[in-house]
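The chain below stands alone and is given in structure tokens; this is the form predicted on its own.
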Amino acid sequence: MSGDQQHKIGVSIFSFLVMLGLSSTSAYAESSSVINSGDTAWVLLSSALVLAMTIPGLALFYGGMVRSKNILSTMMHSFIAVCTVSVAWVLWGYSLAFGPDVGGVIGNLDWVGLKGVGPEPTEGSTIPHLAFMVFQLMFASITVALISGAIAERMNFGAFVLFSLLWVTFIYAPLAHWVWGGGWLGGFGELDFAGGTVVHISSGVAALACALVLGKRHGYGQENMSPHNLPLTVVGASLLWVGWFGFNAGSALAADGIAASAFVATHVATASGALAWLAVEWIYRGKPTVLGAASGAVSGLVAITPAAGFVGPVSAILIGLGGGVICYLGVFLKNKMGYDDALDVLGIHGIGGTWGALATGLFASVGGGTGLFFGNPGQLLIQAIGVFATWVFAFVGTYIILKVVDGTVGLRVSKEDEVLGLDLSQHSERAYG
């Protein structure tokens, strides 16, 4: 190839890259919105708070509740969920969830690799498009990590990695689009401020599918499988409480009155959930437990999530009280039915998210939403349809994904590896000397 030909090829490539850069810049510049530094700072901080909910919050919460031989593998699930989901979200997940709508069901692939997603705001927004993207990335990450509580102490690590990638692609991304990305549930009028259906019902129902497909842990019901380190669990629950302010109040996507309202609602619902759980436990078992307080607080957090920006403080207390009682009964139901949801993901997130979504249809009164008790009975029906659709889609879709994973890499470790403990059998490490 002559030097002249090389020069022409070089100029052509350079021109193409310049045109690509200009087209991307012009795409960013199309929006007439202006970035608000306060809103941007709040959303970025909220993104960090949601990350802290997963690692270290959820990792500690779950890690303390398993047996000592499985704490590292359990914490690793939360850690690796952040890693796998983050990469998938940037490459294709965000485009599927929030890209231009295709039939109300899914986003298209226009934003694959975050093409066209830059530092400028989208139309009507006051934050950079990238800030919204990373905020939603943290939501996707913790949703996958939540499911890991159901499969603790018995799932092959490689299977969990593959499951995470498939689940965030084929279950989470469509649900996020249905509700928040311009899909059919959002257009239908469902109210889900911060993820009652998208995050909590989906993860709880997926957890049920996982528990049923994987089966019980060896020795379940005969061996002692009580939490090995409750202080870690309480620390994790406390971090979840703190991080949840970013989860709920951050979903206002602005540092405004709705964010303040969601912040207050989140706090009082959490406190109410803990008190309600303890009251029921005290009556039924005769003693209030530390694990009960932590579980009740998380139940209140879950229950208020879909309603946080739509209800006042008194309604939030009632939702939190309901969450504490109903989630306690949900965990009790597991013991009666005999499935092994190791860390009660269905009982707290699935059942709590269902109550919260329906309660939004009862108590919504601010932030553009109105529920049954404030003159709009139709909202409760809309919420129920959203709950039903999420239950069916998440359960059936997760079941199919589990069968695919089992047929490729195998879901469950051997009995010998499970008895040895997943810390050693999967990672060749010990948490304690």
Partner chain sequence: MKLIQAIIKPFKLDEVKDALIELGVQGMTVVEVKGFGRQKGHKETYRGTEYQIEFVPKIKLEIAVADTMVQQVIETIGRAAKTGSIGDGKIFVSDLNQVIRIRTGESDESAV
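In this text the structure is predicted, and so the values were computed from the model without any measurement. Residue numbers count along the first chain shown, from 1.
The protein also exists as the form predicted in complex with its partner chain; that form is not presented, and the subsequent description refers to it.
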Problem set entry | Contact residue in the predicted bound form, chosen from Gly312, Pro227, Gly104, Gly118 - any heavy atom within 4.5 Å of its partner chain | Pro227
Problem set entry | Candidate from Leu96, Met133, Leu343, Leu240 lying within 4.5 Å of its partner chain in the predicted bound form - any heavy atom | Leu343
Exercise. Though only this chain appears here, would Arg285 touch its partner chain in the predicted bound form if you measure heavy atom gaps against 4.5 Å?
Worked result: yes
Exercise. Just to confirm, Thr289 within 4.5 Å of its partner chain in the predicted bound form by heavy atoms?
Worked result: yes
For this session: Would you check, heavy atoms only and a 4.5 Å threshold, whether Ile348 touches its partner chain in the predicted bound form?
Result: yes
Exercise. Any of the heavy atoms of Trp167 lying within 4.5 Å of its partner chain in the predicted bound form?
Worked result: no
Exercise. Just one stretch in 192 to 200, 351 to 359, 159 to 167, 326 to 334 has heavy atoms within 4.5 Å of its partner chain in the predicted bound form, so which one is it?
Worked result: 326 to 334
Exercise. Would its partner chain in the predicted bound form be within 4.5 angstroms of a non-hydrogen atom of every residue among Phe61, Met65 and Glu223?
Worked result: yes
Seminar exercise, completed: Near its partner chain in the predicted bound form, with a heavy atom at 4.5 Å or closer, the residues from 292 to 327 are Ser295
